[in-house]
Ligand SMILES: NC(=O)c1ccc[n+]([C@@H]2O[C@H](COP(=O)([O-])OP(=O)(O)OC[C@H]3O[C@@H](n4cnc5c(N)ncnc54)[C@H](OP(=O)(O)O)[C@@H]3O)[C@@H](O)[C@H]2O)c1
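Taking the form predicted on its own, here's one chain by itself in structure tokens.
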């Protein structure tokens, strides 16, 4: 499905990002796997995935909030790739704090990592795609950006910005043959959910029609669909991956 395509995936060292690397490799993509810090375990895992699928996977390290590092990395990738066909903006951070306890510094951090870094990287990569008249950008947002929840002022606002900007980018880049979509995961088995209380997890499961937590691979499969030519006439969309929970989709007794 992705044979001959080159993809850049940020936040590739764990969770949804690593699952996306695995799924893309299985489909034949050449991958630039981006992470903030070097890790022997990460590089070993990438070699394992690359060898088992006979594809090229190159680890690159930079902080998505450092503009000079991002520019240098994009230039390097551009020089060493015949094309840049796919960008998956997955890098992000999570934070939970009541509005009255959320500092402006925390909000800035959430916006810089979850939103502004995506926009800057997309601007740089889209220039390559515009020349080729082809490309697919997939932004990882969240259901937290669609519905307000207590403690979600910083994280939710940053993800809402991702969803809105995705639609605007799609409008402006469509004439160049570039599609821009987002995915909004819900209750997924990632590090972001490990610290949640048993009560919170049980409540969310009770509100989820499918009655279980989602996996990173299930999100990666949706990203694959949007990145590939299987979705060649789909742009400006946000796919929700939450087992049907969003917008009050939970199980409730009729009275």
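Bear in mind the structure is a predicted one, so any value in this text is a computation, not a measurement. Positions refer to the first chain, counted from 1.
There is another form of this protein, the form predicted in complex with the named molecule, and it is not shown here; the text below is about that form.
- Only one segment in the set 76-84, 92-100, 163-171, 119-127 has residues whose heavy atoms sit within 4.5 Å of the named molecule in the predicted complex; it is 92-100.
- When you look in the predicted complex, the only residue of 52, 221, 65, 206 with a non-hydrogen atom within 4.5 Å of the named molecule is 65.
- The candidate spot formed by 5, 33 and 228 lies out of contact with the named molecule in the predicted complex, as no residue has a heavy atom within 4.5 Å of it.
- Within 4.5 Å of any heavy atom of the named molecule in the predicted complex lies no heavy atom of residue 107.
- The closest non-hydrogen atom of residue 27 lies beyond 4.5 Å of the named molecule in the predicted complex.
- Within this chain, residue 59 is remote from the site of the named molecule in the predicted complex, having no heavy atom within 4.5 Å.
- Though the partner is left out of this view, residue 41 does not reach within 4.5 Å of the named molecule in the predicted complex, counting heavy atoms only.
- Within 4.5 angstroms of the named molecule in the predicted complex, the stretch 128-157 places a non-hydrogen atom from each of 140, 141, 142, 155, taken in sequence order.
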